[in-house]
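Consider the single chain below, provided in structure tokens and representing the form predicted on its own.
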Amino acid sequence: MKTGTLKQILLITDGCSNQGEDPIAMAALAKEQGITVNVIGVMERDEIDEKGITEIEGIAMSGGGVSQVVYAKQLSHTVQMVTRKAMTQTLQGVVNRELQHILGGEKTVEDLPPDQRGEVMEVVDELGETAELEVLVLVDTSASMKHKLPTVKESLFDLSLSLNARSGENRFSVFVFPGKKKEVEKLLDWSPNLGSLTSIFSKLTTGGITPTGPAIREALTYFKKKRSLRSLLSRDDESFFEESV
């Protein structure tokens, strides 16, 4: 069974968007293109208001992903958990579609007898360790995130170490919003590790606006650019997700 490359956007934010397109609509567009959108809401001593939580949950739901609201000190564990949970969720969706193709109807993993369900979940776990993974990280650098950025940096470094323990290939890219001169700015091109962020994060400036929708739109454009380059280099593209676009 071919799963292709698992594609995720990981959005780390602490508040509501206040500029540009609706981020929930942008997340829905990402899902249509086979890209899962996961969202982590970061609190410090303060709480995220109800509007912020509603937006965080709405983005993840529209993007077919996972959402979690945590205190900054819990961020490292949460980033890893959310990324892996989203992988499993995506792979289960792939397996369910395969089952429906084989068995017909609306069969899912949950409909199988316990012994068969266990065997299928073993396959899902194995795919989670071997599938190629691309994670594009979007970091909110609005003014209220200033004191949380060191924790974000450390959590992304830990994520890189954790996922590189898999046998499958990983690629990470990092964008921040707002950027110095425009709404969204690329910090790191596709890379197998996030260690180089250590020097970059210390130079980040924070701003007042939170253009979450434009950030997700830019992420989609970046995935498309990568896909276009790949298609120029090779016509043999059997990725499940790219076929489904």
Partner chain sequence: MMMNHSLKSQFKINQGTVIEGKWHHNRYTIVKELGYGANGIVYLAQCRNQQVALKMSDNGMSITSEVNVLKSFAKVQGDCLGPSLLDVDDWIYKQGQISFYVMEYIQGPDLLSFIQQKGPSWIEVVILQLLNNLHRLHQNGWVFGDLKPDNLIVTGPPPRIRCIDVGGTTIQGRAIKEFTEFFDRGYWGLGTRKADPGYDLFAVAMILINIAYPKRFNKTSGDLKQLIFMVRQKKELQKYEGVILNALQGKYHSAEEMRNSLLQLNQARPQSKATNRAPNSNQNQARTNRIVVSRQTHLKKKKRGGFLETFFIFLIISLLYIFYIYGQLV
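On a predicted model such as this, the values are computed, not experimentally measured, just so you know. Positions refer to the first chain, counted from 1.
This next part talks about the form predicted together with its partner chain, which is not shown.
By the criterion of a heavy atom within 4.5 Å, Glu129 is counted among the residues contacting its partner chain in the model of the complex.
Not displayed here, its partner chain is approached by Met121 to within 4.5 Å at the level of heavy atoms in the model of the complex. Interface membership of Ile102, defined by any non-hydrogen atom within 4.5 Å of its partner chain in the model of the complex, is ruled out. By the criterion of a heavy atom within 4.5 Å, Ser62 is excluded from the residues contacting its partner chain in the model of the complex. Partner contact region in the model of the complex: 65-73, out of 189-197, 214-222, 65-73, 23-31, criterion any non-hydrogen atom within 4.5 Å of its partner chain. Annotation: in the model of the complex, residues Asp14, Glu50 and Asn170 none come within 4.5 Å of its partner chain through any heavy atom.
Within 4.5 angstroms of its partner chain in the model of the complex, the stretch 144-163 places a non-hydrogen atom from each of Glu154, Asp158, Leu161, Ser162, taken in sequence order.
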